[in-house]
Structures are given as C-alpha cells and as structure tokens.
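Below sits a lone chain in structure tokens, taken as the form predicted on its own.
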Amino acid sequence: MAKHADLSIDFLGFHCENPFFLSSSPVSATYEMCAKFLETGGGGVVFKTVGTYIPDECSPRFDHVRKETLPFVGFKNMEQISDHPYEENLEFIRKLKKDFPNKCLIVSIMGMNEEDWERLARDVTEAGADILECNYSCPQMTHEGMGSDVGASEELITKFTKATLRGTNLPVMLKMTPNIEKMEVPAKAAIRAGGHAIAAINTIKAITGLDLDTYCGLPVVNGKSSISGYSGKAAKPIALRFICNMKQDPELKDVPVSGIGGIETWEDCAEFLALGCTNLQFTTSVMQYGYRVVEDMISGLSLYLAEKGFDKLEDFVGIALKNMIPADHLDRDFKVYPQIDLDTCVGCGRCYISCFDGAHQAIEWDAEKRQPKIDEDKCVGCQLCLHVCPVPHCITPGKVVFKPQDQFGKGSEAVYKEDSPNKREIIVGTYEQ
C-alpha cells in the first residue's frame, strides 16, 4: 500500500487537516457551496467577502483567455463582494461553524470606513469565524477607498487594520493587491498595524480581449466594458513572484502566507508550499472541474511528499526559497547546447522557424531530409527550440560548455537531474581547481 504524508498543518493557531481552502469568491458565496467543499475533504473555506451593503452587479460579468484547444488559461471576473443580505451572510457563517466545528472558517470582510470595518469584525466574530480576512484588493469595486484602493495605500491599510482589530480578538489576515510594484511595502504596513498573516494574490487588473465587431472589451455589458480582475492558471507565475519576494524579506519571512493565484493541481499546490505558504486558496479550478479537485490535491500531494521522503507537510514548507536568488547572483560561467533526437523528430520545422525568426539563427535546416541541425558557433544555449518542440523528449539539454575560467580558476560541473520527467533540467555545481 502506498505511503501518504501527513498534510495537516497549523495556520494562525487553527490545526487544519490539510491546507486546501476555497478562496473568497463566487465559489464560497453560500452555505451550500462551502458545505459541499468541506464534505469533500477541504481543510477550510474563506467565505466570500461580507459587507454591510448589497452591491449592484452587472451582467454578464465573466470572460476568459483562450489558448488554441486548451481550457481557459486566464479568467476575468467583474464581480464585487457578496450580493446576499448582511444578516443572511451572518446566518450562513453561524450554520457553517455549527455543522463543521472542526473545519477552519475564515471570513472575508470589506468596509467603507473605520466604523464599518470594526462593525464587520465584531459581527462575524460573534457569528463563529475562526479567522478574519481583510479584503484590501478587489480591483472592481464601484466605491472609492475600497478594495485595491486600500491595498495600494499604506495609510488606509494601517487605519483599517487597526479598526478591524478593535472589533475582534481573532487572528486577522490581510489580502493584498498585485496591482502595485512591490507587495512587501503594503504587507509590512499591515503587519506593523497588528495584522497576523498575508493572503496573496488577489486578481490582476486586466482587459482579457476585445470584440473586433463592436470594438468593445469583454465581457460586453450593454455595449461597454471595464478593466477588472484577472485570475486563473495564467496568474500563477505572478503570484509565485510576489510570495517569494515577501518570504525573502527579513521583516516578513516569518509571517504566515495564504497562497492564491492559478492553483489547479497538486503540483501547483506544491510550488506555493515550497515557497513558504502554509495555506492555499483556489477558485477557478473549482469553476472548471468542480469540488473533486480537492480530492486530487489531497491524494497527489500526500503521495508526492511521501515519495520525496517527507513524513509531514510542515517539513516541506519553504524548501525552495534558498534556491531563489537575485539575477546578478546567477552562475553565468557555462552554456548548455540543445541536442536533437532525430529518431523521434517529426520534421515539423518548429525549432528552425522559432530559432531563425525569434532567436539566433543557430539551427540549420535540411529541406530534403526535413531535419534540423544545431550550429554550435551561433548557438547561445537559450533553449527556445526545446520549449517550442511539440514532441516530448525530442529536444533535450545536451553538451555543456564552460566559458574561460576567471583569475581564481573557478569553473562548474554540470549534473543532469535524474528524475526530471522531461529530461530538460540540469544542476550545475561550482568547483575550484
């Protein structure tokens, strides 16, 4: 029988059976939606942002970015906070905590002023929340001084965090906006004001596309559109970048982080955890595949960790941070030539076209045999050909050539990663002669 690692983990004082949570979004807007997720095995939920007013929503409000035959890779959402009455939301929260006392219930809130934030914190605390999440990041609010307006202002973050803390004795997590250059700056303001954790990232302000018949952005709402939040798989690289930056900041390195942004598979989960997250939230994967995704995440991640020799999840958290370094610290003493397996090559010419038109004209093309050949005098080892090749393992890293040694006689030794599924990764270790 296969061995499974222990996925339980502590987050802000609550022991969760696993780190998988619904994020505050359309998928966590009612008791039924949250209950179904918890019954499926999720460790907890972040109930959709509660406010003291009901927003006036538009229709339609969703769009997605398409990529050839793939499911959508990016998702646009023009929805605001919960559109359920305030008392109904509080009743949802009470019922969830009553029916699932051992599951972690985080409630997202958003106020319009200090009094609003304090009232919301007090009421959802009394309703049974375990943790509060302050939404400082929704990019499509119709009122100024709310959502991402707050996340971009250290002054508002400080003021509203302190107001929230006046209304509760619970841990408070701050959900940050990616619509800034450095998330560390507002995150530190939030922690200095008394916040206990960071949630990142919320959606990215974007236009997903235009209707070329009406010349209007998508989705079209009575002939018009607007800039709003972009999420989904395409957001993952941006989310990982912001999280890495925060976890490597000396002031934030020990602050708990709930990772959000493009999480669809257990592999995605592992990446966020390896960069230091101790809690994970997702939405668009549920929209596409339903709540069964949590079962896949539980089995996949627990088997992976056990296979890698980890008995429990907490030993894995943050393991990748030491390998993320500034660009000027990267080893630039070598280059790796690609190698082409002509036995598996289908002669499509993708590598030749991409290299000639988009790189260094380092691939020669035999039109009669329909075969490519690497010109090592021109090749710089960028590996573009490897990434455009449609045939698995046809193009892989090949010969490693080292640049002339420096005055200290330092060089490098290349070692191929044995368990790389695509045989495309190498590890290079420094040595001295």
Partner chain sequence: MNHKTNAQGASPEQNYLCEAVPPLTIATVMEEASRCLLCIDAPCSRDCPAGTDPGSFIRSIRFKNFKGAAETIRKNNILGGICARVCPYEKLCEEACSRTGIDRPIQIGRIQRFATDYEKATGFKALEPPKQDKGKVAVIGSGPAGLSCAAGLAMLGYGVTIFEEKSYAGGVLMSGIVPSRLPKYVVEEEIKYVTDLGVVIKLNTKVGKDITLDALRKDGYKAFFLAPGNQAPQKVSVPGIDLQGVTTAVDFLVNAKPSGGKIKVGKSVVVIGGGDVAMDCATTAKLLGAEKVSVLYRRTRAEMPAYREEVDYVEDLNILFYYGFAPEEFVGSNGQVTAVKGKGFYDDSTIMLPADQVIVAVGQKPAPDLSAAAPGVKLTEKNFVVADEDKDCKTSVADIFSGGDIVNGGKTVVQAVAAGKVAAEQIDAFIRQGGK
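Since the model is a prediction, treat every value here as computed from it, not as a measurement. Residue numbers count along the first chain shown, from 1.
Separately, the form predicted together with its partner chain exists; it is not shown, and the next lines address it.
Asker: Of these, 386-394, 50-58, 373-381, 35-43, which stretch puts a heavy atom within 4.5 angstroms of its partner chain in the predicted bound form?
Answerer: Selected range: 386-394.
Asker: By the heavy atom within 4.5 Å rule, which residue out of 230, 136, 352, 242 makes contact with its partner chain in the predicted bound form?
Answerer: Contact residue from the list: 352.
Asker: To verify the annotation, which of these, 112, 221, 325, 346, has a non-hydrogen atom within 4.5 Å of its partner chain in the predicted bound form?
Answerer: Of 112, 221, 325, 346, the residue with a heavy atom within 4.5 Å of its partner chain in the predicted bound form is 346.
Asker: Does at least one non-hydrogen atom of residue 67 fall within 4.5 angstroms of its partner chain in the predicted bound form?
Answerer: Answer yes; at least one heavy atom of residue 67 falls within 4.5 Å of its partner chain in the predicted bound form.
Asker: Is residue 31 a contact residue for its partner chain in the predicted bound form, using a 4.5 Å heavy atom cut-off?
Answerer: No, no contact at 4.5 Å.
Asker: Residue 365 near its partner chain in the predicted bound form, any heavy atom under 4.5 Å?
Answerer: Flag for residue 365 set to yes.
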